[in-house]
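Only one chain comes next, encoded as structure tokens, the form predicted alone.
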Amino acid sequence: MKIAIVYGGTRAHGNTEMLTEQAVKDLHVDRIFLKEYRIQPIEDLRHTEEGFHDIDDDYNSVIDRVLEADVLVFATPIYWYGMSGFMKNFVDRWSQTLRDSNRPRFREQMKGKTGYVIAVGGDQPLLKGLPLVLQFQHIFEFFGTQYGGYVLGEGNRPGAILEDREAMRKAELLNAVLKERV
């Protein structure tokens, strides 16, 4: 079983990354830091005569890594009650991939995966982070991806997530679940 983490954060070693690393401790994972790639926003050309066209950016190399994994962990800070811009931009491009003749089995490949969500915010994330979780649940449902669960944590300053004992415990529980699957 191959696990890929899609990190949507902008800060190295931020709270979301710390919580996620607890969840994958001692596991071999593919870490994809979206901030390290140039991924252009989607230009919606679904209803134009020419349709989507190839874009000269790093998106294809990232989506290929995602498609190689069996388990996907989407790790994002909660920005304005939703996923980070890096994460949203990446997921938006999936609309293009659904029509990409080079990846005709994209939806089918996503169906065979299990997805998890890990997010950290500073403003009541256990409540206000739930719409973000629900958004991912809808995305998973659209593709037929199995929803594995989520971990929400609270942290407003660097390292504060380490003080959220409940979130760290839930990350440890997720770690145990993932280790059973390996």
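From 1 onward, residues are counted along the sequence shown. Since the structure is predicted, the reported quantities are computational estimates derived from the model, not experimental observations.
Not pictured, yet referred to below: the form predicted together with another copy of the chain.
Of R38, H28, R157, H53, which one comes within 4.5 Å of another copy of the chain in the predicted complex, counting heavy atoms only? The option sitting close enough to the partner is R157.
So, in the predicted complex, is G144 in contact with another copy of the chain at a 4.5 angstroms heavy atom limit? Although another copy of the chain is absent here, G144 would stay clear of it in the predicted complex, with no heavy atoms inside 4.5 Å.
Taking the shortest heavy atom distance, is S95 within 4.5 Å of another copy of the chain in the predicted complex? Judged by the heavy-atom cut-off of 4.5 Å, S95 is in contact with another copy of the chain in the predicted complex.
Can you work out whether G112 and another copy of the chain are in contact in the predicted complex, taking contact to mean some heavy atom pair no more than 4.5 Å apart? The answer is no: G112 has no heavy atom within 4.5 Å of another copy of the chain.
Counting only non-hydrogen atoms and a 4.5 angstroms cut-off, does K88 reach another copy of the chain in the predicted complex? K88: yes, in contact with another copy of the chain in the predicted complex.
Residues from 166-182 in contact with another copy of the chain (non-hydrogen atom within 4.5 Å) in the predicted complex: Residues within 4.5 Å: E166, R169, K170, L173, V177, E180.
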